[in-house]
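The chain that follows stands alone, in the form predicted alone, written as structure tokens.
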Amino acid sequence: MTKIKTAARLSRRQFLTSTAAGALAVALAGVLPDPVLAADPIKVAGIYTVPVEQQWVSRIHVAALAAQERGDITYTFSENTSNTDYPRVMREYAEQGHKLIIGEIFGVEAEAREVAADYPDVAFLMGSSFKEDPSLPNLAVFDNYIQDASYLSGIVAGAMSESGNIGMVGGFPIPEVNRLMHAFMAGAREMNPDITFQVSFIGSWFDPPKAKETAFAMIENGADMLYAERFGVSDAAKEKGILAIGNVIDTQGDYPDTVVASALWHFEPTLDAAIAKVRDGSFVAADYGTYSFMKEGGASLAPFGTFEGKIPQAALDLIASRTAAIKDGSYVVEINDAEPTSS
């Protein structure tokens, strides 16, 4: 059963993140017609298909909690919402007067868009593998385009792998996963052009035991470094005494001798942009994916922590130069959404 919760100003889980003419023009353009008064917190609801501790969703949840703590929004959320139940929960929140609904509709794209069409005065900001539809002006899309940070974490992996064999465990081969894996692989090849990869998808967003077993098989096949796109992979690395690279969140605190680096996603720029547009009445169908780029503050490489001083200097130098180039736009990490394969 879907759980609907109102988030307190401090998280209950200790983890972890116009003018009148302008208003008329906005209304005529088919966007949300009523700006929210500056003094009023915007009523926001989150709908998630997994627990809010899961990596990807946790970043949305943490950003919403931060916006609530600032007083910009009030925040209610549902977790463990099945795809079959998702449209109903969207309708319930819309009927309850929420002005902005955030979530992820990867498995329920058509149904979710039908719901959004029925509530033109509600803004929907949804994780999606598809682009915005101008005919549905109140639904904007986003994805975690953190390929910049993933590329940098790959440089670390390529420098730290002694066997030149890296195992990569993902959830599903959808664009938002594929692009991160490809960027990671490109970074690793910067340090070792001959490096090989074992790539596997477990067919689930949250199945740590299955991810762990898949990682074990890769280790038995020679991998001495793992890319932990899913929970469970770092547990396998820890048990077998090899290294891992994290994704979306920093788990080094839980795996101090295992997780060398992590590509972090910061959802705050994405959510804050949407809040501002809902507030001034300018929210329209758009792709918010670029707010996840490193130059926008949407991604970063986690501190090396316990691995400070253990990463080869050549890798550190390359990371520093590439980071600066990514931020100033002189170096662009390729976005490759094709399904990656083993080499």
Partner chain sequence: MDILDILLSASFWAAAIRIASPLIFATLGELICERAGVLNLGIEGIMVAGAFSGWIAVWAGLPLWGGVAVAMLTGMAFGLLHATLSVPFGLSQHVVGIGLTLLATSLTFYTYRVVLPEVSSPPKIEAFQPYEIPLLADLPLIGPALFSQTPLTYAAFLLAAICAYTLYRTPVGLAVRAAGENPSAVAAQGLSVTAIRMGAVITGSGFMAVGGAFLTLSAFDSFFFDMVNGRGWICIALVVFGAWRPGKAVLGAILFAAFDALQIRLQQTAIGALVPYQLFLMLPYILSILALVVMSRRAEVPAALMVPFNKGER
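Positions refer to the first chain, counted from 1. Remember, predicted model here, so these are calculated numbers, not experimental data.
One more form of this protein should be noted, the form predicted together with the partner chain, which is absent from this view; the next part is about it.
- With the partner omitted here, the residue from 196, 192, 200, 163 that has a non-hydrogen atom within 4.5 angstroms of the partner chain in the model of the complex is 200.
- The partner is absent here; in the model of the complex, the one residue of 257, 92, 111, 207 having a heavy atom within 4.5 Å of the partner chain is 207.
- Remark: residue 79 counts among the residues lining the partner chain in the model of the complex, judged by a heavy atom distance of 4.5 Å or less.
- For residue 118, no non-hydrogen atom is located within 4.5 Å of the partner chain in the model of the complex, even though that partner is not displayed.
- With a 4.5 Å cutoff on heavy atoms, residue 232 counts as touching the partner chain in the model of the complex.
- In the model of the complex, at least one heavy atom of residue 339 sits within 4.5 Å of the partner chain.
- With the partner left out here, the partner chain still marks one of 291 to 299, 313 to 321, 50 to 58, 271 to 279 in the model of the complex; by a 4.5 Å heavy atom cut-off that stretch is 50 to 58.
- For the partner-free chain shown, 210, 212, 213, 214, 216, 217, 218, 220, 221, 231, 232, 235 of 210 to 246 come within 4.5 angstroms of the partner chain in the model of the complex, judged by any non-hydrogen atom.
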